[in-house]
Structure formats: C-alpha cells, structure tokens
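Presented as structure tokens, the chain that follows is alone, the form predicted on its own.
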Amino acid sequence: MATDDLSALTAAQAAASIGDGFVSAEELVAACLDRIAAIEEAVGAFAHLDAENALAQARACDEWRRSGRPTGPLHGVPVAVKDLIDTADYPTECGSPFLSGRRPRTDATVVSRLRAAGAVIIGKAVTTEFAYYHPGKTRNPRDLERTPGGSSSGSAAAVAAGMVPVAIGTQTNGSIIRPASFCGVFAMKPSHGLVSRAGVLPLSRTLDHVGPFARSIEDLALMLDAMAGYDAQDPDTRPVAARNFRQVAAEEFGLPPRFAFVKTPVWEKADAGARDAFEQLAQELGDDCFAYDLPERYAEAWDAQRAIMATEMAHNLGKLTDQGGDRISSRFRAVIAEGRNVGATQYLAAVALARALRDSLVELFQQECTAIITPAAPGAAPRGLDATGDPAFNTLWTLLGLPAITLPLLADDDGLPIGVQLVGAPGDDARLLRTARALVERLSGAE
C-alpha cells in the first residue's frame, strides 16, 4: 500500500489493517511521519514531535503482535495529544513560554488508556496559551490564511491535514467543537465526567472536558471506548460500566431520529451564509426536524459560563500567572484578574443556573427529540491568525455539560467547511453517536 494511502486511513481502518497483517504499525507511523514532514512547516500543528520515539513505539506494537499476545482496539494507531495533557515521554508546555521545558513524570489518565489500547503517541499538538485565546503557530489546512480555531488548534489541524487519523483535545468553552468545524473534521465533546481529566492542566473543574478529533464517527466511538470510564483521580467521573460506543454507534434506529433545531439566543452572531445553510438543512430534514425556542432564561447562560470559567481559572492558575509575569500574555492575565473580582454570590448563582438549565432540557430529550441540531460555529473559519474565532455557539452546551458532536456537513460559497453541531441528553453519548451516524448517512444518500 502506498504511503499516501496509509496516511489517509481512518483509525478503524488502520487498526483492522494492522490486526489482519496487511500493514505493520511501523509502516503506518512512518507514513504519517512522512506526511507531517511534507506539510508541517506550512501548517504548524505540532508543538513537540520525536520521530524516533514514535517509530520505537510502533516497533514495540509490532513485536507485541508477533508474540501472539492480544492487541487493543487502537493497536499501532498514531494519535496526536494536545500540549495541555501530560505525557511522560514528551514535554507538556501548555502553549506557554513560561512552562518551556516542562517534563511530566507520568502520563495523564487519558494518555495511559490510549497506550493500553495500543495507540502510538506520535507527538504533542499545539494549543493556544493555557487553552485560552492567545493563538499558537497553527494554520488552518483548508486555507493557510485562516485560523484553525482554538484552543485545540493543532489537534484539529493535524487530523484535517492528514497527519494523523485521530487526536485528542480539551474544551472549556468551544475548544473542540469550534476548531473541528473550522478545519472540517469530526469531533466530540463528551458528557462532563465521561473522560478523566487527571493529568490535564485544570482550567475549570465545572467546565473542562477531554474529547477526540477524527475522520469518521466510527473513529470517535473507537476513541471513546478507549478513553471513557471511572478514574478515582477525577472526582467528576462516575463508577458506572462504560458503554460499547462503537457497537451502539453502528446500530440502526427503529424510527428515524428526530431533531430540535435550536438557534439559541446568539443566532445573530451566525453569518448570513451559515444561517441560510442551517435553515435549508432543517427544511431538508422535513418532519423529522422542528424549530425549538429556548426559554428566555437561557440568555443568561453566556454570562454564567464566563463567571464560572474566569473564577475557576483564577483559582487554578492565578499563582502561575503571577509567577510568569510578562511571559504570560496580557489577555490571559486579564481573565485571571476578572476571575479574582467575581463575587461568591455571583459564582454560586452561575453554578445554580447551569444546573437548572440542564435539568429543564430533560423533558425535551425524553419526549420530543433525539438530539438538538445547531451551528458549531458562526460560519467558516475567519481570516487572520491573531484570533481563534467566536465560541458563542458552544458556550451553552459546555456550561450544561451535554455531549456534543461536530459533523463536517456544510460549506460556504468558497467551499470552506461549516460544522453541524448535534447535542444530546446528559450521559447519552452512545445514542448521540448513533444519531450522528444516521444523519450523515441520510444527508449523503447512503442506504
């Protein structure tokens, strides 16, 4: 198989090819490294890359398989890891010169689980500074003059550019869903607490999520199977049996899924092309889609998310910011100062509002729809590299901790991707994956 063909495989295809002996893990990783070498200078997706380390991991995977021992579902598959997530064999500098040279001693839980599933950690993907708005070097592979989004800039770009089949990122506001939309790839922000954040730089316990980027829904499910589950080091994970996400995602619905088209109170932030595209999408879905207006109180969610995020960031990262001085961007120092000025009653009211808004959507999911359909971003990726785009269409769903998926189903007049965001009921990640698969198949004309 040609190198280009190998680097274009999905994770599921790659794992199957390695398992069947059609290709070795070393050949696959070498093909991805060749692809990275060809375009990394232009795209800038990686903060840290060690080809020899990646190939050594791949050779170990091949030796393991030759020994006849059982292999994991991601055996030999290369994964890029956001440079906010600890890795024992790579630096984790969180996009900041202040943490230059930081070398964790242990892997984050999610990295340990990926390795246990057989994955090869090929390198560390660029993040914005401390996963906030100050951008890194990454460019959008769809148009190098446009932002890839943030904060998981490198993770989205690496998958979109064909460097790796899958990557992981984090989201505290819109940092998985938005860059996936801008770069035209699949991605998922799981339900809050589904994937452990132990070993991930903490911004906000209330809002932080870890999730995958991929080339297919099947790959998202495959990654969740490896990543999800209880971890005593993360108090928000729950000791319940994990679903077989890949199996559920492949199951058929007895009836077609039904969608609630939610514009949200920030609909005016969507550009004209995106608004038209979503209106047409809703019409195309016909009786399986209905417009749903959120109650007026939901307009308070954006201020609530900001209050929680700024307060908890100040608590978690304030001391580090003080130590960093001018090596920390002015924009990051400003949000820390903002968080220090949020009063206790304002913070607690914001947390209570988030809980109430989440609870009030339960009936909608139970009785009226399978998933919410809404924009993943205001439109295509904006021009310029000094900002990462507006997360307005992600804020509410992150605040509520609901599972969300970006599907690269729409495009603007220039052919640039516009993501469709599906949002599911809390803890219903497996059904959301199945719903997403059904929607993709329907719109692509697949039987």
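Quantities reported herein were computed from a predicted structural model and do not represent experimental measurements. Counting begins at 1, following the sequence as shown.
Heads up, the form predicted together with another copy of the chain isn't pictured, but that's what we're talking about next.
In the predicted complex, another copy of the chain sits within 4.5 Å of a heavy atom belonging to residue 312. Taking the partner from the other structure, another copy of the chain in the predicted complex has a heavy atom within 4.5 Å of a heavy atom of residue 349. In the predicted complex, another copy of the chain stays beyond 4.5 Å of every heavy atom belonging to residue 136. Interface membership of residue 72, defined by any non-hydrogen atom within 4.5 Å of another copy of the chain in the predicted complex, is ruled out. 340 is the sole member of 102, 327, 340, 258 with a non-hydrogen atom lying within 4.5 angstroms of another copy of the chain in the predicted complex. Interface residue among 344, 334, 241, 116 relative to another copy of the chain in the predicted complex, by the heavy atom within 4.5 Å criterion: 344. The partner is not drawn, yet in the predicted complex one stretch among 349 to 357, 107 to 115, 288 to 296, 94 to 102 has residues with heavy atoms inside 4.5 Å of another copy of the chain: 349 to 357. In the predicted complex, 205 is the single residue of 191 to 218 with at least one heavy atom within 4.5 Å of another copy of the chain.
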